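Quick setup: one chain, the form predicted alone, written in structure tokens, and binding and motion questions come after.
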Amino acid sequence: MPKICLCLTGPTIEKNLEALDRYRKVVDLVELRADFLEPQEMFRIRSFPEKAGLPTILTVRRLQDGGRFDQGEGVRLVIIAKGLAFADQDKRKNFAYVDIEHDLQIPAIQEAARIFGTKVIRSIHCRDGVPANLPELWSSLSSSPFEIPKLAAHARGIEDTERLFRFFGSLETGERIVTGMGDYGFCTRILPERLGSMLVYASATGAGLKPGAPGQLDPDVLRKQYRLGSDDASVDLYGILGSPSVLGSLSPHIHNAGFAELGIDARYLPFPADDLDAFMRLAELLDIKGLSVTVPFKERVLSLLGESAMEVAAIGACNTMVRSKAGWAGYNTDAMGFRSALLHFLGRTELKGLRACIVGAGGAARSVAYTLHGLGVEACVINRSLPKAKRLAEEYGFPWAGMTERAVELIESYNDLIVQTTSVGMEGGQPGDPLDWYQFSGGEALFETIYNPAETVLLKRARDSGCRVTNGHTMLLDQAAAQFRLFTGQDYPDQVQL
């Protein structure tokens, strides 16, 4: 079962030990990143394994491999040798592992490491993506029976991640460490068992230390939210598919808390993707059971559905996919979530005669337009892309405009309610205010489907003008509860506090 290794990047031995104490109960081993230490601290590392009380990896990572050490190979080798105590006959505990790069061949160090009971991790860091010659590279890296091969590759896209799972998932079991770094490699840190990786690296961010590599998570997140360490090989997988902004989504917290409360052996995680075809290959490889779908894929997934609920065709967007006998079954819970959240926000059950402006024309806007039309609301659509605004508006007989003077005229006539559905202002999305040209009078009600951050530039500006405002948090919870029923066949537990 994969272990959690806490990567310690503090400037002093004492700072690292303090960070370890914060996480001692939830990690299995630690990595001392000596390249993060202050120069005078580097020669004190010999005492660290004894003080740590856990199996410890010694790493002095070079700049070219994503580390911080820049004092030359001679100095680095001296630090490694002193840390491993090759000439030290005392009884102090040794480092359990030493991480040495693939191109550093020092037989004396390698032989001495074996004599002193220290295993060598032979690592390569591919910062420009998964290499084209991955099979040959791995064969070379794993050629020694006395060393543990390690590959850390920065995933440039979801296709790189798919290649990692496809290749390493086909290998026989054995000691190895595999990580996909960066946003697109996120799922490799949650599913190390699917790669045959013996450990996953975590960062002591809760103790104020910097991540040792892009994408490392806090150990508490790995244990509590993603339940790493349970029966990982048999757990059912669910997730949210979208742009890299899904890494800030609350959906993993919501769904994983529900699974845990009901004792369901499942895990839900974010899948940032830049290529739908590559992701769907990965979904088949990992046997993902269900997906929440968000920007920019709500319309793109329609062609993949073997069957779909009536509202999917009516709205023209899908935000939920569940495996069925016909392949993927599609649903849309956004409309239901928006409807209940909107009526609660306005404190009304009857909206006929209300005039509303929909900002945006993507998948979320389509659900909003469908709902407002069903509630008898008179609405208009404004959007940066004129053809998309026209296409959506004409489905319901709404007036429409691009972001031109015509938009100013429309919004001033349809401003009882403004529903902002674009990703502008979202955490990880395009920054800014999508309506920076519009002056609020204070009489408008603003509903923004964004929930992260809780208050965008637009929301704050509307609030400061005296408008009633709400973000998309309630909508998120309502639509997520509907998704949970589709995924599990059970109602979301009331006991969970979100």
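This one's a predicted model, so the numbers in the text were calculated from it and none came from an experiment. Residue indices: 1-based, along the sequence shown.
Absent from the display: the form predicted together with a small molecule. The rest refers to it.
K93 falls outside the set of residues with a heavy atom inside 4.5 Å of the small molecule in the predicted bound form. At a distance threshold of 4.5 angstroms between non-hydrogen atoms, R384 is in contact with the small molecule in the predicted bound form. In the predicted bound form, the small molecule lies farther than 4.5 Å from every heavy atom of V246. None of the heavy atoms of A283 is located within 4.5 Å of the small molecule in the predicted bound form.
Of the residues given (V295, M336, A85, V120), V295 alone sits with a heavy atom within 4.5 Å of the small molecule in the predicted bound form. This chain is displayed alone, yet in the predicted bound form one of T422, T320, Q216, N415 has a heavy atom within 4.5 Å of the small molecule; that residue is T422. Of the stretches 358 to 366, 404 to 412, 106 to 114, 193 to 201, only 358 to 366 has residues with a heavy atom within 4.5 Å of the small molecule in the predicted bound form.
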